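Before any questions on how it binds or moves, here is one chain, the form predicted on its own, in structure tokens.
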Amino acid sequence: METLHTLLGPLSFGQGGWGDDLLKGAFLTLQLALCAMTAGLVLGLLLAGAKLSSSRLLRWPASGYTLFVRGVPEFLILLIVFFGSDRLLNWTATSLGLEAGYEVPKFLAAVIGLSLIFAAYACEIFRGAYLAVPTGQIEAGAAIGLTRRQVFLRIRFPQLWRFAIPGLGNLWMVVLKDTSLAAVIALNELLRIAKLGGETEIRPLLFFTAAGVIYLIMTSVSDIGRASLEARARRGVAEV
């Protein structure tokens, strides 16, 4: 027992232990993922609408955006957003006759970067879910006198979410783990805290293993939530 206590001592809570810091890092990770997902869902819906539009002025920029984001390493996108947002903010300030020297908060930069990544993939999920709704149901809605708006809100949109939930659930898992990329901009999320703890205590394997267990707990709980939402969305739908 004493040996186990010695082994896990650095992970203890309170003074001298890193347990509190790891939990704070995990909480920041969840905050970052939730904010990125929320913003990414909104942007993803808008991008999907643009790609489904009959207007080339909307379709082409949206297609170009998703092609760029999906074809460039996520790590690189986060760096571009982090350093580019500072440049843009200071250029804007200078153009308005204000003093430069502004710095975008690391958390905000990470949220923007991850939400841009999330949106590109969510766009394709929403587009596929939109097209997955049976055409016959849309025609039936029009046949009984529903307007295009009513058909969308009452028939297509509710089913769009049913088709999109599995993909969005998987995407949430990816974004939850991708928050670790924010360590490169010195944001104290879970992986960075684990790295700092491992270097300080000279026990990197212990701290990275602890971080892995915490990630596994978060993703396992998320998967249970996804399965619950998916089952709820399928209520009343006959299994084929």
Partner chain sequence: MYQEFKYLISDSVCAGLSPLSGDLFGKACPRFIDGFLVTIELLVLACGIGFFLAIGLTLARMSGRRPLAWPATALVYVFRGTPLLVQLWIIYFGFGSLGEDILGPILWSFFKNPWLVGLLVLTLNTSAYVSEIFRGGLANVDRGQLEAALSIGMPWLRAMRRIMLPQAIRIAWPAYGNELVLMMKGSALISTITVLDLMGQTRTVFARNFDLTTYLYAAILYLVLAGLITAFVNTIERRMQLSAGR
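Keep in mind it's a predicted model, so treat the numbers as computed, not measured. Residue numbers count along the first chain shown, from 1.
One more form of this protein exists, namely the form predicted together with its partner chain; it is left out here, but the text below deals with it.
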Discussion item. Even though the partner isn't displayed, in the predicted complex is residue 67 close enough to its partner chain, meaning a heavy atom within 4.5 Å?
Written reply: yes
_Any non-hydrogen atom of residue 205 within 4.5 angstroms of its partner chain in the predicted complex_ = yes
With the partner left out here, check for me: in the predicted complex, does some heavy atom of residue 42 sit within 4.5 Å of its partner chain?
no
Query raised in the report: Can residue 63 be called a contact residue for its partner chain in the predicted complex at 4.5 Å between heavy atoms?
Result: no
- Message: Counting only non-hydrogen atoms and a 4.5 Å threshold, tell me whether 79, 177 and 220 all contact its partner chain in the predicted complex.
- Response: yes
In the predicted complex, the residue from 34, 184, 52, 46 with a non-hydrogen atom within 4.5 Å of its partner chain is 184
Picking from 97, 71, 136, 145, the single residue whose non-hydrogen atoms come within 4.5 angstroms of its partner chain in the predicted complex is 71
With a 4.5 Å heavy atom cut-off to its partner chain in the predicted complex, the contacting stretch among 152-160, 136-144, 79-87, 122-130 is 79-87
Across 203-217, the residues having a non-hydrogen atom within 4.5 Å of its partner chain in the predicted complex turn out to be 204, 205, 208, 209, 212, 215, 216
